[in-house]
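This document starts with one chain, in the form predicted alone, laid out as structure tokens.
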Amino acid sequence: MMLKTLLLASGTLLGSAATAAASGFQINLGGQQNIGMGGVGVGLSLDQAAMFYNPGALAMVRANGVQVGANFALARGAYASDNGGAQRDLQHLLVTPFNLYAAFGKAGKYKFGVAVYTPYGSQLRYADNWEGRYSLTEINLQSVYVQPTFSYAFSPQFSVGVGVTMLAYGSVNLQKDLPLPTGPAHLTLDGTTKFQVGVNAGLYFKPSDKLSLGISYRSKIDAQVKGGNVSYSGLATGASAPAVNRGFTATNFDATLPLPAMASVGIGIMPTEKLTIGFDASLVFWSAYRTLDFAFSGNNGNGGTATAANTGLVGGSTTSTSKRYYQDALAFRVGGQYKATDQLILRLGSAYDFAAVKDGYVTPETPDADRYIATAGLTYQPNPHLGIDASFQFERFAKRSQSQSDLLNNGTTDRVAGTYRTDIFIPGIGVRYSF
């Protein structure tokens, strides 16, 4: 039981994010224009961010160009224990997902491009001495994807595209307290992920000037940490040290987290030359995430002379398994943009994402819940080549509660009972140059 408590957060953190705009620990902040329209983009060819939303639409983007965008996600979260007591607030830390795109080719025929974006990233810190401190006190996750992309139009109405999604860089730092009989100690897990490859592909069909359709599929990638670092502080000292500390000899850990596949469909409607409306629906195959497994290794000498029996121990065990049992989750998005003048475009959007985490399986680092999303945005274009895009996204999570009896019934007592509330505020800014 103590081992499960110690390691509850770790694997989710490998892929945990600000949980912005998508279920579980997924992020949907691929482009500023799309964000302002509720995150739609599968059935549209707005700009070079088509590489993220639907690579098949890239060939239909009118201009070549380079664009960069950044978002500034600030989560406001709170936890109330099932046993009562004061509400615990999440310390407000800023997370900054970014995106960079460059594409070149012949519009309406073919395009080559490369995308760099951050689909996972989080920095959370709970209040000191909160009830779940033996599950999590702080995390810091970083990830960078690189996606070379090619899109080809077979006709003025139909195009396809494929991108190779590469987990080029990822790192995780997890911290939590240890409930030792001599007093609280502290555990830190720190590691980098291995390079991994997947696919992002799509089809785009525009039967008329007023209608467009899109389908995209992003494949599953397994994020793997091999030989991550395990360190401790505040372990027992004095006469009690050998007996207490011998269960904490591990110096390294291995873990694997599935980043699930996603299938999406989208529709674009252009009633007039100035108005564009988009609808997207996505299904994320979270059911691939069943359990979180860890393997520990190494020996720091806390157990005395190194032997097979006292090597790779955290909480007295060399392995850990924690139930996740995620469920596939749907998301629906709608948004529109209106060209008010030649220099100004206005955007509004909304979305509803269903939770991937089942009742009784909620964890502090991913207090997932059904969420409502509202967005707005605008573009100021001082000349035909330069565009400045601004976006704002607000997410309100449904209140998520679980009782101790829920945890007992599910065999998930490695997490805490209580109620989570979360809001996320995400302003963003981007610059585009077309040629």
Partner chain sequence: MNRIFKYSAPALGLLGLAVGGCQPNIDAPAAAAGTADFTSYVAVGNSLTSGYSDGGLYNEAQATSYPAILAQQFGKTGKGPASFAQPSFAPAQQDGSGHVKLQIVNGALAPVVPSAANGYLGEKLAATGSALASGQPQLAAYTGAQPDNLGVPGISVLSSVSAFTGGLAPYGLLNPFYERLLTAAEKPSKDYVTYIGQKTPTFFTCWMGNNDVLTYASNGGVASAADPFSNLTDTTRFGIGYRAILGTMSKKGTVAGIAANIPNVTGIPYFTTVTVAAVAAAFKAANAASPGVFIQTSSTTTPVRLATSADLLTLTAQAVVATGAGSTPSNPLPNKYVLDADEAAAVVARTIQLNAIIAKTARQNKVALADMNTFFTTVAQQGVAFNAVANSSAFVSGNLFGLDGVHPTPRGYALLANEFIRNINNYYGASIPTVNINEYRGVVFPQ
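Residue numbers count along the first chain shown, from 1. Every value quoted in this text rests on a predicted model; they were computed, and no experiment measured them.
Here the subject shifts to the form predicted together with its partner chain, a form of this protein not shown in this document.
The three residues 89, 416 and 425 all sit with a heavy atom within 4.5 Å of its partner chain in the model of the complex. With the partner removed from view, the residue among 192, 343, 219, 240 that has a non-hydrogen atom within 4.5 Å of its partner chain in the model of the complex turns out to be 240. Taking a 4.5 Å heavy atom cutoff to its partner chain in the model of the complex, the contact residue among 304, 234, 271, 179 is 179. Residue contact check for residue 76: one or more of its heavy atoms lie within 4.5 Å of its partner chain in the model of the complex. Proximity of residue 83 to its partner chain in the model of the complex: non-hydrogen atoms within 4.5 Å are present. Of the heavy atoms in residue 63, none are within 4.5 Å of its partner chain in the model of the complex. Residue contact with its partner chain in the model of the complex: residue 403 places no heavy atom within 4.5 Å of it. Comment: 240-248 is the region of 223-231, 150-158, 332-340, 240-248 lying near its partner chain in the model of the complex, near meaning a non-hydrogen atom within 4.5 Å. Heavy atoms closer than or equal to 4.5 Å to its partner chain in the model of the complex belong, across 132-147, to the residues 134, 135, ordered by sequence position.
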